[in-house]
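Heads up, the chain below is alone and in the form predicted on its own; it's given as structure tokens.
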Amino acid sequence: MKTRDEKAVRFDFAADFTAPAIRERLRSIPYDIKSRTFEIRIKRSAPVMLTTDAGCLPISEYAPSAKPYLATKEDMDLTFEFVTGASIHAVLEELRCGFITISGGHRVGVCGKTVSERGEILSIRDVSSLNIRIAHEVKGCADGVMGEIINEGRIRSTLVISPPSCGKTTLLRDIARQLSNGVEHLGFRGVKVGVIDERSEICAMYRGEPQNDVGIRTDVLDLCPKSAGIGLMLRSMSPDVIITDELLYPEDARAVMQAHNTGVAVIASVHGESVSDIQRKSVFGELFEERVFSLAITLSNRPRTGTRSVVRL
């Protein structure tokens, strides 16, 4: 697992992308708070906020020496310049999705005035809010489920069911790493893994390189819709297993069926509370009727984030 030291280092690295006036205040945040921070939120003419396990509060609530500070237009412009590397054209494709991935794998959400044409977002200007999500990976968090996913040397297609912010992406990331590298104590040698990372959250690609460790045999399609990416991965990289985040639309389900029909295992996540909750959603009806998934892992935040149960389907 990442230590508190490493988490605080990631916080400091992300803070270096903010304007000097904000950066100075972020550096005064106590070390233990840095290690518990998920987001740095900057909004014009509003207090700079941190999201931690205690909630979303102004930085002055965490550090007495960090006096309340309202971000200015200059702060916003400078931070946006640092995040984009002073070249909005270089990150335009990501920006159209509402975020930018920076070095270290941190993802910066962007709000402002959208520039659109025929219903398609072309860019965002007059930036009003930035949300720096601190990248984190928890190596070993999938240890408790690998013995279920790997059955007599074969990979069970698995559905990870979870409400928001319960650790499903973190779990998928570690599953990818372990399937790719191999799991020695299970006698499992690594296999070819294809990740369809539509929102750039599993791998956090930056200039063609994953910023998170997803394994030595893992190929990544970044910012690619699942409906198109699964077919493309099947045709181009001959994966043994495909991993993707947040099935949502009928076309996503059809793409999963395509992988299943070619004999490739699929490990995917979906928003929900339980297996029965997902079974009631018509969009996933065929997947259950055809028994595409043989295993379900449910996550919740009760009694704590990452609480899980495993159900064989």
Partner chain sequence: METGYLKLFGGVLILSAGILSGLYLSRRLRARTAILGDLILSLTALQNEISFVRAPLGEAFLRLSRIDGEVGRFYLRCHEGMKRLPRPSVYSIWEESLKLMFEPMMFSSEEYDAMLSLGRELGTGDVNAQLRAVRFTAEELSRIRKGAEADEKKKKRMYMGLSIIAAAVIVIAAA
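Predicted, not measured: the structure shown is a model, and the values here were computed from it. Positions refer to the first chain, counted from 1.
There is another form of the same protein, the form predicted in complex with the partner chain; it is not shown, and what comes next is about it.
Of the listed positions (185, 154, 207, 113), a single one reaches within 4.5 angstroms of the partner chain by any non-hydrogen atom in the predicted complex, namely 207. Think of it this way: in the predicted complex, the partner chain has a heavy atom of just one of 131, 123, 72, 128 within 4.5 Å, and the residue is 123. Proximity of residue 293 to the partner chain in the predicted complex: non-hydrogen atoms within 4.5 Å are absent; the residue sits far from the partner.
In the predicted complex, at least one heavy atom of residue 81 sits within 4.5 Å of the partner chain. Contact annotation: residue 87 falls within 4.5 Å of the partner chain in the predicted complex, judged by heavy atom distances. Using a 4.5 angstroms threshold between heavy atoms, residue 228 stays clear of the partner chain in the predicted complex. Residues of just one listed stretch (174-182, 232-240, 115-123, 144-152) have heavy atoms within 4.5 Å of the partner chain in the predicted complex: 115-123. Here the marked residues 264, 280 and 284 all miss the partner chain in the predicted complex; none has a heavy atom within 4.5 angstroms. Heavy atoms closer than or equal to 4.5 Å to the partner chain in the predicted complex belong, across 15-38, to the residues 16, 17, 23, ordered by sequence position.
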